[in-house]
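Next up: the same protein chain in two forms, each one alone, written as structure tokens (structure 1, then structure 2).
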Structure 1
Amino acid sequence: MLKFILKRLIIIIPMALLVVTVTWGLIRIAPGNFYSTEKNLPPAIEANIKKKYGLDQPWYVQYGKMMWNILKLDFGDSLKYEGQSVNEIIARHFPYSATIGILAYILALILGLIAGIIAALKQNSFFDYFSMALAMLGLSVPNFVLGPILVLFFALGLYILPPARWGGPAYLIMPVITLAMVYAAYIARLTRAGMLEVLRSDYIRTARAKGLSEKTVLLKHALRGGIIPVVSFTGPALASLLAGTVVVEKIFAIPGLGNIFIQSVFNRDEPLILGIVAFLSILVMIFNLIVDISYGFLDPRIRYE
């Protein structure tokens, strides 16, 4: 296991650099730049700007400097937010996205696991059909529809929740619910499918033949194998939630990382774009590593040799 973890940790660095390289190339290919305006700048001013930011140098020199800075975990200063480093911007906005992301996934896990397990145990029952119908509805209703509906009902209709912005716990309820619903639907369907497959396996029949109680069979044997699809889904899903969801952050005016990332793309803020992309790619790969490690503890048939 230790050898496997070390290999994966070593792979994270070149993979993150590859993602950053592709992103840097796409930024350079795209038309326009961060100092573009409706009117063309005088050639002398444009030349001074290029010299200040090193854009007058050959592309391979610019690429080399960018990669060297990233290896030092120094993404430089933002081109749009003068005097603010990329590291400071990420550190300032990431906690907002992480807070609503973690709370949303906890809620999604609770709802999804309960609904999926009960649906699998009561297959083809009314609860099974009803819960899976709700899960399909959750998958079909996008965030940009569910969010405004919650605002209209709870904020503008009943006046019991604040409509937007960041504040106390009451401000988190609607963004968390909006984010959690689609993930709860995925988890419910994955849990049901995984539990049904495990409950029909030979080792579950053997456990029941030994006289173990149904509770022990379910919690100690079936659940560990049944939630493996959910664990696989958790890695990229949780990384995506922690990185921020642009639609939800826009609807509820949350100053999270996703909102800042979209603004950086519109502003052609290259250091900020590269910094966020590198941060998110490392985050995704770390969560995927944690998921792979957890397989060995959940299913004894899985071994890393």
Structure 2
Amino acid sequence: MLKFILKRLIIIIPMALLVVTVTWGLIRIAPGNFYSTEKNLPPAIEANIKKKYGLDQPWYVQYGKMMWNILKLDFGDSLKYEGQSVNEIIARHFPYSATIGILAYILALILGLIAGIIAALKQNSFFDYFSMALAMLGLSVPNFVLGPILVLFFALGLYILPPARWGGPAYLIMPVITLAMVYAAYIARLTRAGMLEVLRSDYIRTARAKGLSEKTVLLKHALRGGIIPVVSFTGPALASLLAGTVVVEKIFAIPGLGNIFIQSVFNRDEPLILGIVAFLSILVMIFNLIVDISYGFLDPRIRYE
């Protein structure tokens, strides 16, 4: 088990470096640069800029320098935001994304699990049909539709919630709901399917035959097996929720990492793009690892060699 974890952790480093290299290459291939604007720059000014940021050196020197700094976990200064380091920017904006991400995750789990379990237990009941229809709706309504509808209703119609920006808890309500809905719907469907399958399996029949109470059968035996598909879905889902979701952050003008990431691409802000990409890829890989580990706890049949 420990060996498995170590092996996976070690592999994260070359993987992240590979991701960074590919990203770096892509940025370099894309025409345009961080300083180009509507106005053509006089060559002298361009030369000054290139000199200042070391862009006048050969590409392999620039690449080597960048890799060396990344190994030291230093992504350098942003090109767009003068005097701000990439590490600082990530550290500053990640908490915003993480806050709405975690809240949305919790909300999605609560709604999804409860709806899914009940639907599975009362299969073919009104609640089952209703909640699954709702889940279908949740899956098919994209967040860039749901968000504005919520805004229209609560912020511009009733004037009870702020339409956008960051502030107190009231500012969190709509972004979190918008973000959570798709995930909640997905989780509900996965839970229902997983539970239905497990409830029909032999070990549940055995548990019931042993005369265990329905509560124990459900919570101790069925649930653990039933939510395995949910776990494999929510691991990466949590990573992407934490990393910031561009659409929701844009609609609600939240200063999160997703917003910054998109902007950095438009700005051709190379160090910032690379920093965020590296950070996100490590985040995703770690969450995948956690998911893999948790399988072992949920299902005794899964073993790590």
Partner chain sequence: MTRIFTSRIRIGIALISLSVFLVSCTTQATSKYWGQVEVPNDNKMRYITGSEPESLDPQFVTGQPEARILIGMFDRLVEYHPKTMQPIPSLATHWEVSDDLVNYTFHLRKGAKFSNGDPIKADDFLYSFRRALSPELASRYAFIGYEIKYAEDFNSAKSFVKKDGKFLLAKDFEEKKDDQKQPIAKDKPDVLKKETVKESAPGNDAKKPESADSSTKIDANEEKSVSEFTKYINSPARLTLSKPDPENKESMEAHEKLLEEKPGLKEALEGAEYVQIKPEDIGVEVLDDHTLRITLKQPAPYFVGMLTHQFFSALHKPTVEKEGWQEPENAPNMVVSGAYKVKEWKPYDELTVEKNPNYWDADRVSLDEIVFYPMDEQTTMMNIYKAGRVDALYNHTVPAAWNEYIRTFKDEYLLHPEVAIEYYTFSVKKKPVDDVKVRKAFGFAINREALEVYRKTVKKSVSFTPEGIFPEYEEARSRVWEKLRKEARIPDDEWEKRYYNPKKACELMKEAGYTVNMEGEKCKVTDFPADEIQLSYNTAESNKQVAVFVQQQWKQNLGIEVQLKNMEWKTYLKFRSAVEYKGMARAGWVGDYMDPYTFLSQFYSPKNDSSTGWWDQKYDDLLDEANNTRDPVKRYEKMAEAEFYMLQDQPVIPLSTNGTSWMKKPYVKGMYPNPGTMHPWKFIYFEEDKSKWDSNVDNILKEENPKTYAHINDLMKTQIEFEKSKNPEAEKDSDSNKAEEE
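If you superpose the two forms and keep the largest set of C-alpha atoms that fall within 1.5 Å, you have the rigid core. Bear in mind that the values here come from a model prediction, so they are computed numbers and not experimental data. Counting starts at 1 with the first residue of structure 1 and goes up one by one along its sequence.
Novice: Which depiction, structure 1 or structure 2, is to be taken as the form predicted together with its partner chain?
Specialist: Here the form predicted together with its partner chain corresponds to structure 2.
Novice: How much does the C-alpha of Tyr60 move between structures 1 and 2, in Å, given a rigid core overlay?
Specialist: That residue's C-alpha is offset by 2.4 Å.
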